[in-house]
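First comes one chain, alone, set out as structure tokens in the form predicted on its own.
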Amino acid sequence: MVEVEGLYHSYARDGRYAVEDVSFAIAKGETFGFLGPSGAGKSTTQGVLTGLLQLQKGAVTVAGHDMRKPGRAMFNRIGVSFEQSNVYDKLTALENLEFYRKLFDVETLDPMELLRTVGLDHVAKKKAGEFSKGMKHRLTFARSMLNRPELWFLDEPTTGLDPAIASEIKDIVKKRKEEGATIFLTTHNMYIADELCDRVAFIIDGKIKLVDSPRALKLRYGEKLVRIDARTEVGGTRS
């Protein structure tokens, strides 16, 4: 579903690379985690894969489309949920989704049903500018599902959400995977990656250092610890 070979990207085009010689592949139906600290190259890589940044050097294929010439057909097949919400503040939640669905050439899901899915149906007619950061994040997440994407890019999908809502978002991600979606998950949270991903890649200073399954990584690098809680009775009292 995604093939990246020898990807380089420089913002200043001066030989200093935000992403350097990055290569990986994502199979259809796989949830692939992209982990690393801030500034490691996660967003740059995602920007190239989604067509937001021009491919400068390397070979990148997304959903069968060469990213040297990304076409409209590709954007009908992918969905993107950004960490920084970019909804229209002067439109209501429902108007945001109704507007965005018109940009696709494929069948889209019902906006009200999507708002219901992310728990925003009760504010469907409220302007997004009045939303909290977490509510805007959920609206952005809902918007990314409108075209029922085959390839779904999720950038920190649970950021700024309370534990209950975050759990619901993760359940939605799991369900979409069961339905056959391929998911590219960008995060710095290993716990989320462990729960959702089939494989993860660690990128540091623009270079991929390691790619493997969460289970394999835990077996290889995790500490084997056993915690024992004991209760004793001394002089008729418990301690």
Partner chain sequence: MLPVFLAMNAAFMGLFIIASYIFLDKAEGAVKAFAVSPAKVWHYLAGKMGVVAVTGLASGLLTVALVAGGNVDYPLFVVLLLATNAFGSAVGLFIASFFDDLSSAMGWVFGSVALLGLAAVSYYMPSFSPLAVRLLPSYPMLFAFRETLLAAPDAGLVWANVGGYSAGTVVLFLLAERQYRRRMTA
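Residue numbers count along the first chain shown, from 1. All of these numbers come straight from a predicted model, not from anything done at the bench.
The form predicted in complex with its partner chain exists for this protein as well; it is not shown, and the discussion that follows is about that form.
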*For the chain seen here without its partner, which of 120 to 128, 87 to 95, 107 to 115, 163 to 171 has a heavy atom within 4.5 Å of its partner chain in the model of the complex?*
87 to 95
*Which pick from T182, T186, T44, T50 sits with a heavy atom within 4.5 Å of its partner chain in the model of the complex?*
T50
*Flag F141 as yes or no: does it have a non-hydrogen atom within 4.5 angstroms of any non-hydrogen atom of its partner chain in the model of the complex?*
no
*Quick one: does V80 come within 4.5 Å of its partner chain in the model of the complex, counting heavy atoms only?*
yes
*in the model of the complex, does R72 have a heavy atom within 4.5 Å of its partner chain?*
yes
_Interface membership of W152, its partner chain in the model of the complex, 4.5 Å heavy atom rule_ = no
*its partner chain in the model of the complex: contacted by all of N76, Y100 and L103, heavy atom 4.5 Å*: yes
